[in-house]
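For reference, the chain that follows is the form predicted on its own, supplied as structure tokens.
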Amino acid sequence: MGWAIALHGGAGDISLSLPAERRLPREAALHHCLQLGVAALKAQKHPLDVVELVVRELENHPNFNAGKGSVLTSRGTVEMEACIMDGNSKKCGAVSGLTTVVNAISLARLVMDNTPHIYLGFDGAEAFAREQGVETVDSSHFITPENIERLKQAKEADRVQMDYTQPIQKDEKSESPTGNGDSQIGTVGCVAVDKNGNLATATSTGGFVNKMVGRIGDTPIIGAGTYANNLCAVSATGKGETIIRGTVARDVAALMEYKGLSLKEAAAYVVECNPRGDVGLVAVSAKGEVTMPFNTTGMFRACATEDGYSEVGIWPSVQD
């Protein structure tokens, strides 16, 4: 048994031709956040604090679909959501419909710690944020030129787009800021276990491009995009509706609990059972195991374990 950590920056149709100027900042962010999490675990921080710390850092990175980089609704607004959960106690907190909160994951933590509830949304969540004195900004802070352009393209194609979906061009020969994945951005999440087997998970997202106002995805739903118990911690990413229908995160834990499967067996089975191109996840077990399966083209991901293993990747690796 030892500590382990894994994090993701979203899964989807990540083009192998993703330009270096778009790929390298994300890879650097994953490296940075992994090092941050590892240092916190080595300093014996509780996994709950570790996953919050890492996800806050990812939320502050404009190239991921959470916090500063959140994609836009059909009205050109942001509606951010997040969830955090402690494995041993199963305490959890979730928020949806945030428009001004800088770090949604920390508000989810406050819902868990400072209320008798699990889930707050929209005006109630915003009011709670003001009561708690968390950092808020004008909603324009979260709206980037890249995401304005991506919303425009999604509207022209008359569809919603999950993480890293290739924009449809009216003229395939034309070039645009998003033509080669310029704003192909993804949900973020982190799972961690300490040397004592304490587990925690956290996930944060801006949702789908061009989603209906008021749409809620899998991220803040316990057992769908986010789940932890005394056996494992899971953070999922991909197509929210599929992940909700498949109770993806809980199914990994259930297969371990009821069928005695290993973490890798359970996670691989759950991902394989869902429609191809829809699901990815990162997970750790109480034994210090780690796995990061996905059935999409790629998933921005990173992990490290106490025994010295580490990985930062996008597309399938040889051992996958």
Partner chain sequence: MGGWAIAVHGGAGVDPNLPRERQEEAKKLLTRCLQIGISALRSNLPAIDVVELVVRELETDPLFNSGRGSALTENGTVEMEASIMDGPKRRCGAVSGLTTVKNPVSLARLVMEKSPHSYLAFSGAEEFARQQGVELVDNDYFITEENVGMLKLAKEANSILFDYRIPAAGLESCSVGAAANSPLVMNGLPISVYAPETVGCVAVDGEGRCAAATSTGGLMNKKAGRIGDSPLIGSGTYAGDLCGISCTGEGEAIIRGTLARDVAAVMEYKGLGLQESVDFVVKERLDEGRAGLIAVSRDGEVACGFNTNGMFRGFATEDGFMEVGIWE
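Positions refer to the first chain, counted from 1. Small disclaimer: the values here were computed from a predicted structure and weren't measured.
Separately, the form predicted in complex with its partner chain exists; it is not shown, and the next lines address it.
Whether I148 contacts its partner chain in the predicted complex should be assessed with a 4.5 Å heavy atom distance threshold; does it?
Outside the cut-off, so no.
Do N196 and its partner chain come within 4.5 Å of each other in the predicted complex, heavy atoms counted?
Looking in the predicted complex, residue contacts with its partner chain do not include N196, since no heavy atom lies within 4.5 Å.
Mark V234 yes when one of its heavy atoms lies within 4.5 Å of a heavy atom of its partner chain in the predicted complex, and no otherwise.
Heavy-atom contact with its partner chain at 4.5 Å: absent for V234.
State yes or no: in the predicted complex, is some non-hydrogen atom of H117 no more than 4.5 angstroms from a non-hydrogen atom of its partner chain?
Flag for H117 set to yes.
Can you pick the one in E156, D113, E135, E241 that has a heavy atom within 4.5 Å of its partner chain in the predicted complex?
Filtering the options by heavy-atom distance leaves E241.
Of the residues A254, A40, A268, L34, which one places a heavy atom within 4.5 Å of its partner chain in the predicted complex?
Among A254, A40, A268, L34, a heavy atom within 4.5 Å of its partner chain in the predicted complex occurs only for A254.
Heavy atoms within 4.5 Å of its partner chain in the predicted complex: which stretch among 186-194, 100-108, 136-144, 220-228?
Single hit among the candidates: 220-228.
Report yes if all three of K90, T247 and K259 come within 4.5 Å of its partner chain in the predicted complex by some heavy atom, otherwise no.
Yes, all three are in contact.
Would you mind checking 120-140 for residues with a heavy atom within 4.5 Å of its partner chain in the predicted complex?
Residues within 4.5 Å: L120, G121, F122, G124, F128, E131.
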